[in-house]
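Only one chain is given next, in structure tokens, and it is the form predicted alone.
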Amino acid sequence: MHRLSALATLVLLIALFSFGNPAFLSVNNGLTILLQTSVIGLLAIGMTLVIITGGIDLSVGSVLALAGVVAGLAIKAGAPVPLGMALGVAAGAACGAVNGFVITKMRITPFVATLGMMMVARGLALQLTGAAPISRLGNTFGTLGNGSLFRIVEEGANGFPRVVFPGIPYPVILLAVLALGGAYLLNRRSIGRHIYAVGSNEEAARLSGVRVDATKIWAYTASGALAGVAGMVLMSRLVTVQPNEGVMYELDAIAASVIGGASLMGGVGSISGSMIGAFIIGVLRNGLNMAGTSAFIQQIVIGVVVIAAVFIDQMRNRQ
């Protein structure tokens, strides 16, 4: 019911904004929303896995920036673009693994552990770059973020190229593939059942033979890796590595997961619900932008939506 209500909210928002501005339903604006939502959606997949275990990951925004910096430095050093991006994703996964190790082996609460990683990763990104952007990474670096599948361009009457169909952006395809993969793991594989079991009742899961620590480390590693992937998409769109990118992105990822039905108490959540939550945030931001609403008001609106979603979650838990 929570997921259905979130979907109904998304449809209502689309209808409301399209009524206020006919350009909202244009193909170009739809592609803009998809591109803007892809980064938050990637972060929300990993965040959902962590929240279902009963944890939280405040470091994904900083890990996103650090992964971009690692990839940018590797490419500047002469590594091929695919290898550089792979190293960036690996750096994100390493940060997530450290989070999981600190939480499970050192018995530090997820809030404090990931808050520390948030500061460490951001500090590393700024130190490695001297707080300066890394540019001139080549056109190939921008393919992932700016390329599209099935793009159709023809020569116009004036001799200039004319875009017939802009194509499906690569970040959207990547988001769809990883979302389907995450849903498959959660619903069809043993690791998914273990994640739900750990979040529902950790002690009962341990007595049932579930390797609780390994499951948590896996979830945080996956969250870090997905933050690395999101970093590759974002930096590729900019065709420049910005060490200051990703600030407050962790809050958007948490908001998307909670709006989509994930419970902060653990044991409840789904990838499909988180995708709906991510698109609610994306549609809200885009529609308010088109209406000329300031960025400060947008933050207020999204904050109110998050509070309402958490309140509904608390009411559900009481019942």
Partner chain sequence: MSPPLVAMHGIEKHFGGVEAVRDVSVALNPGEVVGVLGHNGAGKSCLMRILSGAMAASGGHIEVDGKPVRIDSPQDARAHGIETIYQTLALANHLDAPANLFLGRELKTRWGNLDDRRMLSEARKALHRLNPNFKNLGDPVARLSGGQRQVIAIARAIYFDVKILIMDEPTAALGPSETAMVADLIKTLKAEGIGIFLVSHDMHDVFDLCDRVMVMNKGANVGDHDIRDVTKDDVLSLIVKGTLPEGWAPRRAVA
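Positions refer to the first chain, counted from 1. This structure is a prediction, so every number in the text was calculated from the model and none was measured.
The same protein has a further form, the form predicted together with the partner chain, not shown here; the description that follows concerns it.
*Asks:* If the cut-off is 4.5 angstroms on heavy atoms, which of these, R151, R211, R162, K76, is the one near the partner chain in the predicted bound form?
*Replies:* Exactly one listed residue reaches within 4.5 Å, namely R211.
*Asks:* Let me know the one among A205, V98, A225, L175 whose heavy atoms come within 4.5 Å of the partner chain in the predicted bound form, would you?
*Replies:* By the 4.5 Å criterion, the partner-contacting residue is A205.
*Asks:* So in the predicted bound form, does N201 come within 4.5 Å of the partner chain, heavy atom to heavy atom?
*Replies:* Contact with the partner chain, yes.
*Asks:* With heavy atoms only and a cut-off of 4.5 Å, decide whether G287 touches the partner chain in the predicted bound form.
*Replies:* G287 lies outside the contact set for the partner chain.
*Asks:* So in the predicted bound form, does F111 come within 4.5 Å of the partner chain, heavy atom to heavy atom?
*Replies:* Looking in the predicted bound form, residue contacts with the partner chain do not include F111, since no heavy atom lies within 4.5 Å.
*Asks:* Since only the chain is shown here, I'm wondering whether K216 would be in contact with the partner chain in the predicted bound form (any heavy atom pair within 4.5 Å).
*Replies:* Flag for K216 set to no.
*Asks:* Of 243-251, 189-197, 126-134, 111-119, which is the one stretch near the partner chain in the predicted bound form, taking non-hydrogen atoms within 4.5 angstroms as near?
*Replies:* Among the listed stretches, the partner-contacting one is 189-197.
*Asks:* Looking at the partner chain in the predicted bound form, which residues in 264-299 have at least one heavy atom within 4.5 Å of it?
*Replies:* In sequence order, G266, G267, V268 come within 4.5 Å of the partner.
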